[in-house]
Every structure is written in structure tokens, then in C-alpha cells.
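Take a look at this single chain in C-alpha cells; it is the form predicted alone.
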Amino acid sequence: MIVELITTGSELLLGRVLNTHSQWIGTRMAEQGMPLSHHVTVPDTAEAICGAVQTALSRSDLVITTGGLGPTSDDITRERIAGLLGTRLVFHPEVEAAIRAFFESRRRPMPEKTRVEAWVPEGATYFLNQHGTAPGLAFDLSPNPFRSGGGRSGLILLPGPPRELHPMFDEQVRPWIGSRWGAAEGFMTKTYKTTGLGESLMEGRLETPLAPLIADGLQVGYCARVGEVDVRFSAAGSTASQLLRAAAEILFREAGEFVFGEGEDSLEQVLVRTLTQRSQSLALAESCTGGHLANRITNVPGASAVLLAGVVSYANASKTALLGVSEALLAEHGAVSEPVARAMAEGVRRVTGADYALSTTGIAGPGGGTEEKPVGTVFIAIAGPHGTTVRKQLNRFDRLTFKYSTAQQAFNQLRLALATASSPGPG
């Protein structure tokens, strides 16, 4: 099955907005056994949108577009696609009622302009927007007027904001696709999340033992990002399940200590889940990461059951006043040092009574480094029921990447500590 994604929006081409749709929708479609075959991004012009959709429909079984369904003058996808398909727009009172309810629930008046979103191309299925106003639209084109020999194709128009698109796609669009096209027969895919080992090193561990499975039809992919490598296994046919199971066994045998989750798991989700299951708590003392650890932890639903406090002790005086780090220790070793990282973690654990505490202190740069402690130097400490450990890392990146990479290392350090802890109960 040929599936094509068209992302619309001049802001995407200008680089003003990061285009995350290809990754997110690509993952969802692959899970359904329908991986994307093509992806194109076009500006907000009638010629570009209609041309891209017509070209896509001429070669694809399913075409998905994102963006251009809102109420402003540059949101022209709804109207132009209706014209391309030779259908008229029809007003739907129930769509307007849903839009009005959206604004009423937020105690805001409904702008008159948003009524345009209640005009739906005749013959289209609409998906009400639970997190915004513009409904999604779907067309079951049989015959497909742009494909040689006719045939059948689907066309789905989705709103652009991810907070609206994601739940709409999962809750309404995927069932619509499944009811018409099902899933590719026998196609299966599984992604494992790993950290602590680079992409080439991971492949080096797996290449030889996976070779017989690859010869039998297993597909293997590696996707590297800051502090993580995704390992993806895919297969089709009657042996797909067996191949994926055998591949997973090899992964865990050869590199199991680096695997922290599956699918869309993040390290912070794994930590919150693990600590919640063990009825244990966490506190954070951050210097160089500036609250980034706390931000990521609190992005996880249910974090309130785990996180007791996060202290951003950026200045030396705050390390002393809030965490009890002695001025003598700071003077002797400097803020970026193993003893200070240890004192920060133990201090915040003592102050909060948490089972575990993480601390970070380092040099994010671009200035401030020395020959002994170059830019990128960071110390990460964990204080817990079984003592305190400190690790030194060198993360020579820009400031934002430095903070993210340090957080990855800190979270993984805690994950490993939790995995090896002898007692699952509170300390």
C-alpha cells in the first residue's frame, strides 16, 4: 500500500516551526503496517497544495495532509481541496456547536471567523476536534479521479497543531483507516529505546548475531538522537512474529543493559513509573542543568506521586543556603567537582526526605572552562538508600544540547541504580 504525507505551511519551509509530523505520523502508520512511501512539504498557496494533492492521489492509495484547516486567510486547504474534488462546502450545525462548546468551556466568546470551520466538503467524513476548533476531514474516493484506471484512494485532511492532530489521529483517524484498509497482512514492527551506547557501537554488537534473521527477512533500523538510539525491527509475512521475537532475544542478550523502554518511552517516564511502582520518591538539586531535569520529570503524568522537590542552586551561595554545601568545600574543590556534586545530592535528600536524589554541576560553556575542567565537564551524583555515587562526564555541546545530554545521563544513572537496588521498598 502506498501512503503519502503532505505537510502544508510556509512557516515550515521558512524554518520558523519544526516539522514533527513526518516522524510522528510515520511512526503511527508503520505501526499499522502502512509505512509512508512519500513525504512532501508545500507552502500555503492554492497552486502548491492542489498540485501536491493531485500528484499524490495519482500514485498513492492513501494521502494525508496536515495544516491549513483553521479560520485565517492563509488556511485554504479545506476550500481548495473541495474545489479540486469538484464538491461544494456544506454547513454542519453540529460542527459549529462543537466549536462553540470549545470556547464556552474556556469561558471565551467564539470568534465569528471560526464559523468557517463548520463548512465541510460534501461527502466528507469529519472528525470533531477535542483540543481545538478545526475538524479533520476524510474522503473515500472510489473511483479516484486522478489515478489511471480509477481505483480507490483515501484522502485525509488534518489540523496542523500537534496537540490537536495527535489525539484526533489516534482516536478517530486510525479507526477510520482500519475500517477501510485494515493493516498490511503480516506486517509487524517493534522499536526498542536504548541509551549509553552510540549508534555504530550498537550496530557492531548486533550485526553478526542478527545476520541469519536478516537473511530470513528481518529489517533492522537504527535512529540516533541526543543520548539515545532507537533499534527498530520490522518483518512481514507468516514468520514476522517469530523473527521479531528472536531479534528481541538477541538485543537483550547482547545489549540488554542499554535498553530502557519500547515504542515512545522516555527515560523520565520509565523513572516515574518505576519509582511509583516501588512507592519511592525523588528530589533534584540542579546547577548547570537549570531545572531541565525537573521540567522533564514534571512533564510526565503522575510525577506528583514521585517528585518531592527540585532546587536550582545555580549560585554557590544557594548551594550553601539551600542544600547545606559548606563554603569550605566549595572553596577547596570548586562548584564543579565530585565532592560538591555529592554534597548537593545528599543535601537535597536530607532536606526533603526523598528516597533518591539527583544532582548536577558542570560547565555548560561556551566560556568558563580550564585545562583541568574543560567546557562540557559535568558531575552527576545519586544519593540513595545504599549510599552516594558520582560520575564525571564530558558533554562538549552547545548549551541546550549539554543540558539535554546531561539529563539523559543523570536519568540513566538513576535507572541503573534502581535496577540494581537490593530492596524495592522505601529507604
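Because the structure is predicted, anything quoted here is derived from the model rather than measured. By rigid core we mean the largest C-alpha set that fits within 1.5 Å across both forms. The first residue of the shown sequence is 1; numbering continues from there.
Keep in mind that the form predicted in complex with another copy of the chain is not shown, yet the notes after this line are about it.
- Proximity of L307 to another copy of the chain in the predicted complex falls within the 4.5 Å heavy atom cutoff.
- With a 4.5 Å cutoff on heavy atoms, N299 counts as touching another copy of the chain in the predicted complex.
- Looking at R205, you'd find every heavy atom of it more than 4.5 angstroms from another copy of the chain in the predicted complex.
- At a distance threshold of 4.5 angstroms between non-hydrogen atoms, S37 is in contact with another copy of the chain in the predicted complex.
- For another copy of the chain in the predicted complex, the listed stretch (23-31, 379-387, 354-362, 60-68) containing residues with heavy atoms inside 4.5 Å is 23-31.
- Only one of H292, R174, H92, R115 comes within 4.5 Å of another copy of the chain in the predicted complex through a heavy atom, and that residue is H292.
- Contacts of stretch 194-211 with another copy of the chain in the predicted complex, defined by any heavy atom lying within 4.5 Å, are made by E199, S200, E203, listed in sequence order.
- After superposition on the rigid core, the Cα atom of V53 is displaced by 2 Å or more between this form and the one not shown.
- Once the rigid core is overlaid between this form and the one not shown, S405 does not reach a Cα shift of 2 Å, moving by less than that.
- After superposition on the rigid core, the Cα of L416 moves by less than 2 Å between this form and the one not shown.
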